[in-house]
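Here's a solo chain for you in structure tokens, the form predicted alone.
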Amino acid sequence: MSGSSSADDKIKAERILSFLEDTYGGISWWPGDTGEVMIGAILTQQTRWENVKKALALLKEKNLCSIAAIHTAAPEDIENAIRCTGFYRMKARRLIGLAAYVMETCGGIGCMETMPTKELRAGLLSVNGVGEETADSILCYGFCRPSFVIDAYTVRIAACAGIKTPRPGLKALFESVLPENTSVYRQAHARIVEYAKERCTSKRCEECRILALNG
């Protein structure tokens, strides 16, 4: 990508973030402790957050809403609790694999908290079913690390704003125009999700002010 187009993309990314901050202000999003965030990051794959909240509530009822509990639970118990999220057998396997990595390879969440971000991200990506979006969600919301999350909503909004940077480069793009601060990253990502849920999922394109940034 040429230097001029990169500069254009940075300007458009800044405009997106400024517009969304003016629109939404502060957003409280993705609560929970580190273990719950890790579980939720797997469950939210290919489903709505409303379904994830139901599954988390059921896991809590069964005392399964922790990485340690997932690690020792029977697969069918996990499957029954998370069925509402779809692909529940696959997600149960992924949860079990993630729990095994955390408990056996890392020695628990506490040990992971002392790991450098780059090492922690690489380790998470080594787990089956944990891609970049899931890993960065865990890092940003679970471990309070400044690692910006790129999801399908962000890709769509960036494209609508006329950003030419391909998906693999969007993380670096947004991180280049934001201060390296976990709270800032969380808020920026939460606003993108909120806007996309309101406009993109209901195809309210005629009302989209971000399209006007594509100029």
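Predicted model, so just to flag it, every value in this text is computed and none were measured. Each form is matched to the other, and the largest set of C-alpha atoms that superpose within 1.5 Å is called the rigid core. Residues carry their position along the shown sequence, with the first being 1.
If you look for the form predicted together with the DNA, you will not find it shown, but the lines that follow are about it.
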*Does every residue of T44, N128 and Y153 put a non-hydrogen atom within 4.5 angstroms of the DNA in the model of the complex?*
yes
_Which of 174-182, 24-32, 157-165, 60-68 lines the interface with the DNA in the model of the complex (heavy atom within 4.5 Å)_ = 24-32
_If the cut-off is 4.5 angstroms on heavy atoms, which of these, A100, C84, C144, A122, is the one near the DNA in the model of the complex?_
C84
*Is there a non-hydrogen atom of E113 within 4.5 angstroms of a non-hydrogen atom of the DNA in the model of the complex?*
no
*asked:* So, E132 and the DNA: in the model of the complex, are they within 4.5 Å at any heavy atom pair?
replied: yes
*With the cut-off set at 4.5 Å between non-hydrogen atoms, does R15 touch the DNA in the model of the complex?*
no
_Using a 4.5 angstroms cut-off on non-hydrogen atoms, would K197 count as touching the DNA in the model of the complex?_
yes
_Residues in 176-204 with any heavy atom within 4.5 Å of the DNA in the model of the complex_ = H189, V193, K197
*Inspect the rigid-core superposition and answer whether the C-alpha of T201 shifts by 2 angstroms or more between this form and the one not shown.*
yes
*Considering a change of 3 Å or more, are the Cα atoms of S202 and I82 closer or farther in the model of the complex than here?*
farther
*asked:* At a change of 3 Å or more, would you call the C-alpha separation of T201 and A161 in the model of the complex closer or farther than in the form supplied?
replied: closer
